[in-house]
Every structure is written in C-alpha cells, then in structure tokens.
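Heads up, the chain below is alone and in the form predicted alone; it's given as structure tokens.
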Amino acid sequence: MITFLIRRLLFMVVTVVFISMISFVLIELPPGSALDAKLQQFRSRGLNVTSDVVKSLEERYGINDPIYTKYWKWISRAVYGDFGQSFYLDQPVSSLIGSRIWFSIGMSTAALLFAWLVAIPVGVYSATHRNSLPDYLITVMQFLGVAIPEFLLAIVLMFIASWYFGVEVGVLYSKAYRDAPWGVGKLLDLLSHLWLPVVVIGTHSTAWLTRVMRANLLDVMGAQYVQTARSKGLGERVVVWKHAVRNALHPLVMALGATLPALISGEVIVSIVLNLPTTGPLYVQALINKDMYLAITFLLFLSILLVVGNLLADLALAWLDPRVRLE
C-alpha cells in the first residue's frame, strides 16, 4: 500500500509538470500577447502610450523572452505558491484565483454529491423495473439531461426560480447578507442560492451516471453469484443492494477521477450565465486577453484535480472490491 502511494505520487508530479508544459505552449501559440490587451486597455482610457512605455512593459512582462524562459520563471515560483502577476488585471494570480476557487470547488463538489445521490437510487430503480412506464420516463429524462446544453438549462431554471418562486438569481447572497460576517444565517442564505447552479452543473453527470448505473446493474443481475444468492432464499432487496449494487458501482467509481475536473470545467459557462463569482468567468477573460499566468494556473489546478481524483478513485475501488489489490 505504501509503495503504491509513493509510486503514484511520483507519477502524479511528473504528469502535472508535463501537462503544465503542454498547456503553457498551447496558450502561447496564438498570435498576440497580453501586452496587446494591456495597450488596448490604456488606449480605451484615453492614455497616450509611447514607444518607451511599450518597451518598458515588454521588459516588465518578459514579452520577448523565449518560451522556455517564460515557463521557467513561472514554474520556479509556482512551487512556492507564487503564480505570478496577472498582466491584464495587475493583481497577483494567487489572490485572484484564491478568492474564487473555493466557490468553484464547493459548487462542483456539491454537484458531484447531487449526481451520485440521485443517479444511484434512480439507476437501481430503473434497472429493477425494466421496461415499465417509470423506466421509460427515466430513460427519456436521461436523454434530455445529456442533450440539453448547460447554458440553456441555466436560463430556463433562472426564469422558473425567479418568476414562480421569487428567488433572487445571479448572486450567491441576498442583499442583507452580502457584507455580513459569516454565521448560520449567511450559510443558510448561501445554500438557498446555491441549489440552482448545483442542479445545472450536476444534471449532465446525473443523467450519464444514471444510464451507466442502470446498464451495469442489468448486467450484474444476470451474474451467477446473484442467482446463487437468490437460490439461498435471500430477499430481493438484500440481493440487489448488498450483492448486485456493490459490483455495479465499479464504473462509477472509476469515472470519479475525471468527473470532478469536468464539473469544474462545466461551471465556466454556467457561472457566466448566472453571473457567479467563480473561477469560470475569470478563466475565460484570461484566455481572451492572453493573460498567460492566470490561464496556466487555472489549468494547473484542473490537472491536479484530475490526478488526485484518479488516485482517490483507485483507493475507493480497492475499498469497494476486495479483489482489487494495490501493489
């Protein structure tokens, strides 16, 4: 077990470094630079930008440095928690992302829990009531959940929540709690606004996981050990939940590693539509303005979530199935 963890941690470090290098190159490839967006920002304010100012900014931001020099400047400081300066916003990247990342992780984690808590019982019910009317209705809802774009679902739910339930949308707190100190009241107010983005972000995963759960449980229900459990006189509920569901969860657990970063990536569009203060809109703005250090830091966090999620999925699979051995 210890050897497995050490080996996986070493592979994780190498993987994250490799991903950061590839991402850095891809962000640098498009024409233009962060300086172009910065100069446009100055001109929009009516400021006169001389050649001396341009040269000073080029030296400050290292615009003309080779790409390997830019990468080394960033990665050598990133290991100490200094992710550089945002070119466009003139603020430290760590403070920009740090003020928003917890909202993104919190929403994505809540969406993941929502997807699992809904997908497992619904998938089990659909599989155990195959070809019934509820099964057909669940199948239709699954296809709709996968097919409907997240931004469209966000707009529809915004209208329903605002028009029929009087919920203030596009914010995380009501006016009375926006500047209030943290407490039970502010937490409850946050939860009352958080359900909308959680449902929107988690709907696609819920529909997909429900479909996977149903298909895999149908396959497991025909296995020999399930038939043996029935022949021993065990109740159908015990057979399904204790024997069949435990083994049918394997694909869901294996997909867990890629689900969390996918949810955080999916919250980008949802956050733009709902006007939420998460990392999504900040990341899009960084890509548009070629704000390299801000964009690459966001991708670095996503890659870390991916490799950590895969490790947790392996550990969860080993706990779920004793036949799996971590060597």
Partner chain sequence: MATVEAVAASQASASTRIAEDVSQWTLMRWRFARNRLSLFGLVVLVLLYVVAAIAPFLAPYPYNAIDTEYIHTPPTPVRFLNGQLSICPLTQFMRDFQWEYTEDCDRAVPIEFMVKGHPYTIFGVPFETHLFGVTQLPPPRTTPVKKTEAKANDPLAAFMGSSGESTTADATQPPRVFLLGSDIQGRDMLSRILEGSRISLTIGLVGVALSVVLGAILGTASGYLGGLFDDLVQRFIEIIQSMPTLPLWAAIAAALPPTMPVPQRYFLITIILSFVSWTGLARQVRGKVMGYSSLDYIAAARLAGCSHLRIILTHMLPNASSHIIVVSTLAVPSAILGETALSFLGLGMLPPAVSWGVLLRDAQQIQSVLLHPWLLIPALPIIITVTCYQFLGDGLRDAADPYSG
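Please read these numbers as outputs of a predicted model, since none were measured by experiment. Residue numbers count along the first chain shown, from 1.
If you look for the form predicted together with the partner chain, you will not find it shown, but the lines that follow are about it.
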Which among 108 to 116, 192 to 200, 83 to 91, 159 to 167 is in contact with the partner chain in the predicted complex, heavy atoms within 4.5 angstroms? 159 to 167
Using a 4.5 Å heavy atom cut-off, which residue among Ile148, Leu187, Leu137, Met254 comes into contact with the partner chain in the predicted complex? Ile148
If the criterion is a non-hydrogen atom within 4.5 angstroms, does every one of Phe143, Ile269 and Lys290 touch the partner chain in the predicted complex? yes
Is Ile22 a contact residue for the partner chain in the predicted complex, using a 4.5 Å heavy atom cut-off? yes
Please determine whether Ile27 contacts the partner chain in the predicted complex, using a 4.5 Å cut-off between heavy atoms. yes
Although the partner chain is absent from this view, report whether Leu306 comes within 4.5 Å of it in the predicted complex, heavy atoms only. yes
Contact with the partner chain in the predicted complex for His204, defined as at least one heavy atom pair within 4.5 Å: yes or no? yes
Residues of 86 to 120 having any heavy atom within 4.5 Å of the partner chain in the predicted complex, listed in sequence order: none
